[in-house]
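A single chain, nothing else alongside it, follows as C-alpha cells in the form predicted alone.
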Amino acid sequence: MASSVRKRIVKDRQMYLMLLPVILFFIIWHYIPMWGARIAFQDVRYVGANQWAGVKHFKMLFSSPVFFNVFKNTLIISAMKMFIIFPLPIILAFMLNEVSSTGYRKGIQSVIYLPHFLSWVVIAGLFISMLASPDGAVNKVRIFFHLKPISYMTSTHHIRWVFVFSEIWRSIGWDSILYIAAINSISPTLYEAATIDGATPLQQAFNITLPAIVPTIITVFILNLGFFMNAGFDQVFNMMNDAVINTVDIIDTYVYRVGLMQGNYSLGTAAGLFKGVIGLFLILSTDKLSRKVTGEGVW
C-alpha cells in the first residue's frame, strides 16, 4: 500500500509540488491553530501555567444575554445572505450564457468581477458615502423625488439590508464563475438537438442547463453552509457603528471585542469554538441529507 502511494507521488510529483503551498497554508493557518482551542477549557494565566477550568467559560457564554443577542444577529444576517444571495450567481450565469456576443459577454464579466478585488474598507467607505444622510447620492435622489432622506447606516431597520446589497455587489460576479464553468462544460450537441426538436431557450435552460449544473449547485451550497456562522466579519466590522451595534453585532465581532480588546481569551475562544462546531455540524448533516435525497455530496 505504502509502495503504491509512493509510486503515484513520484509519477505525479509535479502536481504534488504545485499542491504543496496549499497544503502548507492549511497546516500553518488552519490545523496548527487548533491546538490553541484548548484555552477555551482553561483559565489563562499571564504568569505560570494555565489552569484547567472545564466548561466554565461555555456556561458563562450561554448564560450571557449579550451572547444570545450576538448569536441571534449571526443567524439572521447569515440567513439573509444565504437565501437571498445564493441563487443570484446562478441566475447571472444563466443570463450570461444567453449573451451571444463573446466580446460583450467578456466585457460584462470583467466589470462584475472587479468589486471582488476591493477590500471591505474601500467598499464600506463607498456605501457609507452613498448612503449618508442627507448628502449621500441615494438620499439626494430621494430628496429629488420629494421623499424623506433615510440614515441607512444608523437605522436598525435598514443596516442588515445594506449588508445584503453590498455583499451582492461585491460577490455576485465572482461567485458566478463556477456556474459559468459548469455551463460551458455541457456538450453543445445537447442544445443543438433541443433546438431541432423545437425547444425554446427557456425550455433548454430548465431541461438541459439546470440539471447539468445541479451537482455544482449542491456542492457550493454545502460548502457555504459550512461558513454559515461567519456572517462576514470584515464587512460588519467596517460598517458597524454604536447606533446599530445591538442589531449587527455577530459572533466574530464579539470574539474580537471580548478576546482581543478585553483580553478575555478563554471566553473569546469558547465563542469561536462554539461557532466552529456548529459549522462542522451543518456541513456534515447537509452533505448526508444531500446524499440521501439526490445522491450527490461533497465527498
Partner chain sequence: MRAKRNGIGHYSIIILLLITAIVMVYPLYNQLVISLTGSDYIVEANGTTLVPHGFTLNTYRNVLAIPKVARGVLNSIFITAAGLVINIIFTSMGAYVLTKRNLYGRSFFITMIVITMIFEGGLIPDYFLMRRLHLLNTYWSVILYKAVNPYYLIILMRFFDQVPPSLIEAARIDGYNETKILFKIVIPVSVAGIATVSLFYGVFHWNEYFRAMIYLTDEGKFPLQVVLRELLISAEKASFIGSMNYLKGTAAAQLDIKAIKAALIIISIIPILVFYPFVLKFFVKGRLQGSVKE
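If you superpose the two forms and keep the largest set of C-alpha atoms that fall within 1.5 Å, you have the rigid core. Residue numbers count along the first chain shown, from 1. Bear in mind that the values here come from a model prediction, so they are computed numbers and not experimental data.
Note that the form predicted in complex with the partner chain isn't included here; everything after this is about it.
The putative spot formed by Gln14, Ala199 and Tyr265 is fully lined by the partner chain in the predicted complex; each residue has a non-hydrogen atom within 4.5 angstroms of it. This chain is drawn without the partner chain; in the predicted complex, the residue among Ile108, Val164, Met82, Ile143 with a heavy atom within 4.5 Å of it is Ile108. Put simply, Gly54 is far from the partner chain in the predicted complex: not one heavy atom of it is within 4.5 Å. The partner chain is not drawn, but in the predicted complex it has a heavy atom within 4.5 Å of Ile9.
In the predicted complex, at least one heavy atom of Ile177 sits within 4.5 Å of the partner chain. The partner chain in the predicted complex is approached by Val99, whose closest heavy atom lies within 4.5 angstroms of it.
For the stretch 218-245, the set of residues having any non-hydrogen atom within 4.5 angstroms of the partner chain in the predicted complex comprises Leu223, Asn224, Phe227, Phe233, Asp234, Phe237, Asn238, in sequence order.
The Cα position of Val66 differs by less than 2 Å between the shown form and the other one after fitting on the rigid core.
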